[in-house]
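Read the single chain below, which is given as structure tokens and is the form predicted alone.
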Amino acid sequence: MGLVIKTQYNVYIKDKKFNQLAEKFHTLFGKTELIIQAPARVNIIGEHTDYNDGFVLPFACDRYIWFFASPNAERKLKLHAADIDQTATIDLDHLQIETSGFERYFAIVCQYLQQNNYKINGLNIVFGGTIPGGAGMSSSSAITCGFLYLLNQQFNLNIPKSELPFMASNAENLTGLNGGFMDQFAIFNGKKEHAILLDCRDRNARQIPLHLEGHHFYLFNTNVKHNLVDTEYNSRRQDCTDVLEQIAKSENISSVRAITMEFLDQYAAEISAKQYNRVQFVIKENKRVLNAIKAIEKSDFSELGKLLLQSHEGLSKKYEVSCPELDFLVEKGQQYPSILGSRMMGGGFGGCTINLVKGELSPQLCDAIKLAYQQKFGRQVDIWQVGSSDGIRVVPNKRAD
């Protein structure tokens, strides 16, 4: 029976993990009714600007979480997280979102929908995939978005796709992380061979063709895990908000995006040096995003690499969300001419660096970086080439049980 499942599913998804999930669902619950594919998010540049109404340049990535689902009549979510081999049950009539386990992302989506008068029922779900947790690739957002999309499809909630990213973001904020909506927007709206220039103030977006001309993006995963709720992520946002409130007492501005360097310098005596640095980074990072678009459109990959390095310098020294492992990998990358630029990616305090590479990294170069990192920190660095992908979608389900 297992061979039949693999053969039929391989017509649609040629991935070993996908087929393992298919078999696991069949073993636990029988026939699959709906399959959802949710991609990871990679952000080229524009970090910590989304919640400051700024610009970002992400793309949906060719690593995924897959959800296999079928309805049940028990008013319960029966969940199996295949990657960690854990199960959980959520009672839809007695929701508990205080849990710290993987099931909290499912519970917060259910709570958010119920608070907004959407009717959902019981489901059996097996999920897992190829997005590493804690790597700054938005694995938690992929879970949240994928599950929300699944519910919208399964129960005909008729939520417009344009609203889903913002609903997913609002749901995630129930975990205590006061984040923006860049990750969710990219996951829902990704387009293969494109990045998204997203204006987080006006919510306007433009697809930017990624004609990389033999260049590639690589992620170097520090394997330093981060829980952004337990870090100073929220305090960075508060620092920016405090500066905005101070300046807005005298100036007619309503977002950090509207703060210029002239305003910031004018009010420098009324804010702390730390707050000054935070907002200065945001102002300059917004300019770097727009300059990155110009560099991509001109195929000026040397300039794009420089912008990545400038971004990391600001994230490390001004916004202070890097860590020694991230800084080491960025500095190490500068020793190799083929690595045109690097920066930390994601909320920070761990996770990955994104690296713009001319051509492809040789096994020898990768081994050299891995050895240096191991000798310095006593842990492994993982290196992946990543490409752009289409956004979240339903996977055709043709298996005959």
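None of the values given here were measured: they were computed from a predicted structure. Start at 1 with the first residue shown and count on from there.
What comes next is about the form predicted together with a small molecule, which is not displayed.
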Even though the small molecule is not shown here, does residue 188 get within 4.5 Å of it in the predicted complex, heavy atoms only? no
Can you check whether residue 63 is within 4.5 Å of the small molecule in the predicted complex, heavy atom basis? no
In the predicted complex, does residue 233 come within 4.5 Å of the small molecule, counting heavy atoms only? yes
Examine residue 350 and determine whether its closest non-hydrogen atom to the small molecule in the predicted complex is within 4.5 angstroms. no
One residue of 149, 106, 127, 181 in contact with the small molecule, assessed in the predicted complex (non-hydrogen atom, 4.5 angstroms): 181
Report the residue, out of 54, 341, 346, 58, that has at least one non-hydrogen atom within 4.5 angstroms of the small molecule in the predicted complex. 346
Since the chain is shown here on its own, which stretch among 351-359, 24-32, 367-375, 43-51 would lie within 4.5 Å of the small molecule in the predicted complex, judged by heavy atoms? 43-51
